[in-house]
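This document contains two forms of one protein chain, each encoded as structure tokens and listed individually as structure 1 and structure 2.
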Structure 1
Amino acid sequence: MKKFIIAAALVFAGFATANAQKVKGSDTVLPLSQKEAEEYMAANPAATVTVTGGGSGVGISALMEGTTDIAQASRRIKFSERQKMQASGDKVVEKIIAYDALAIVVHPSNKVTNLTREQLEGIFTGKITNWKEVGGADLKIVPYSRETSSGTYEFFKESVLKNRNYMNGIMSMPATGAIIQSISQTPGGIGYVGLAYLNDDVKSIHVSYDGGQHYTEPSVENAKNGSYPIVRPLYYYYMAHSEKLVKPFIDYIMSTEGQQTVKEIGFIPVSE
């Protein structure tokens, strides 16, 4: 009887391990993955999904090293990263799970409401240093950025800065929440965050990509109808050999229930 109990426990432990998976990477995707994992595990008690952040680059590196099953990313995988992963003969699989609008945020007391892409480029490259240069108070601009391992850092550089370099000495934050907190305490602060992170501690800026003819606020509706210009896909990456393990969770995210959670968190469902 004792042997039977031990054997059963080992079988159960093996089953539990087989249903356990790790998700790591983008802080932008983090709140969505956490909520999806919570709901998935509630519906599938035998499954275990562990979710951690650290940035898109960190997640992709972990996938390369075999220490995570899914890399969550707010930027597309680089060609060099894909090549490294596939050097072993395995294939990396890409899945878009949602879309996100990137919001530009300032301190709530800031009177500036509208900024063009060119002005944002000037601010984050260090050419514009005082809010009075863009219609605001005589106050030093304090730009905040994500770390270089962040997919949001890279997407902002590509989309808003048109691949020009950030200013020297820019305040680099390890997580999106740190940007929100820093700007809420810095009257001259400005930064960028995923739409799901917007709250009353910061004020979102209306952005123009047509030289100031039209300014649009960041919102799910404006991202969906195409009027807000700073929109990007959010990705899951996994290795083909792990598909049997990760597919049930990813299928759940892509289901009607999972995409409803995408909406509730503040992102845009893939179907829309």
Structure 2
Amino acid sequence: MKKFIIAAALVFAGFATANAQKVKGSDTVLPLSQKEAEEYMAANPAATVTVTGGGSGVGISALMEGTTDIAQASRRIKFSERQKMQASGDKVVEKIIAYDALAIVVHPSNKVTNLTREQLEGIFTGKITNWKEVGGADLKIVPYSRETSSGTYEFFKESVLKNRNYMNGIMSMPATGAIIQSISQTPGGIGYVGLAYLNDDVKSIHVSYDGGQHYTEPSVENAKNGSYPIVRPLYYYYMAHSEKLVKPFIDYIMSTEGQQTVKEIGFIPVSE
């Protein structure tokens, strides 16, 4: 009997310290979290990290309900969400694990290379409708956006549109891959994708946030040295009381090895 109790206690203790944690949220951060989790588990066989997607908002509401330990998000937590969490008497902790740059892409045959933020705002809010207004051919502009469920959609609205709404009836695609596919076959198309998704099927636009004085090409170097303007942080959120549980994994991501993985996935490492 005694032996049994000891065994049971050991098993129980084993579960408690097995370091099982769940990460949930943004699909943008998903490939990074997955890769980091794989490598972390390879280095620490005792630990288990389960990573699932669903969208930034899904992750944050799961954190609120306590069904996940870490929420991954490609946008900052909203004021109302933070308020709701703090109403439960616990603090939510924010950690930036990497940066992501958004590239503006057009069809490869498009002559336009440079656009200012104001021009982009005009295009995506429907004020500018023809490429000739921004120095291109006489061709209708077809803007593509992500679906409203994506953190990328929110970030683009905040950073480029300055919180104005997208034009009524913008084309919205369910995934980044679909945006690339559609733009590569639509001569007048324009859209935005994460830097990691850039390929030869589409052409990236040089962007200026200072009214056309300096245009910068989207690249990891330019994003890192701060000259490319459309850069967003990627976040991990966790509740202060579970800090002990999640700390080792987050520390791993912030380590040199972890940040190396960030670079491999195509994001920009957090420069210390």
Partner chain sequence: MKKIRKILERFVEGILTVSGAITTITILLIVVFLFREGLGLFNSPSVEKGYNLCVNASNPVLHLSSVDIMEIFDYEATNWKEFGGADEEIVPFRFEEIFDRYPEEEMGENYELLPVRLGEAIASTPGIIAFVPQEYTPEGMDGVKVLLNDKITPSDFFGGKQWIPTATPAPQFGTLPLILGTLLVSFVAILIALPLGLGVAIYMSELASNRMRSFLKPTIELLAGIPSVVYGFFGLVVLVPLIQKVFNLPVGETAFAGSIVLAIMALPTIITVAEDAMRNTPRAMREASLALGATHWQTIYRVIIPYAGSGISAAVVLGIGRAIGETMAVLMVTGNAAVMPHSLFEPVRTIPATIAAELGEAPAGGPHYQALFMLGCVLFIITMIISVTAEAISKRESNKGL
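Keep in mind that what you see is a predicted model, and the values were worked out from it rather than measured. Counting starts at 1 with the first residue of structure 1 and goes up one by one along its sequence.
Peer 1: Give me a 1 or a 2 for the form predicted in complex with the partner chain.
Peer 2: If we ask which form is the one predicted in complex with the partner chain, the answer is structure 2.
Peer 1: With the chain described as two rigid parts moving between structure 1 and structure 2, tell me whether Lys203 and Leu120 end up together.
Peer 2: Taking the motion between structure 1 and structure 2 as two rigid parts, Leu120 shares its part with Lys203.
Peer 1: Please state how many degrees the smaller rigid part turns against the larger between structure 1 and structure 2.
Peer 2: Rotation of the smaller rigid body relative to the larger: 17 degrees.
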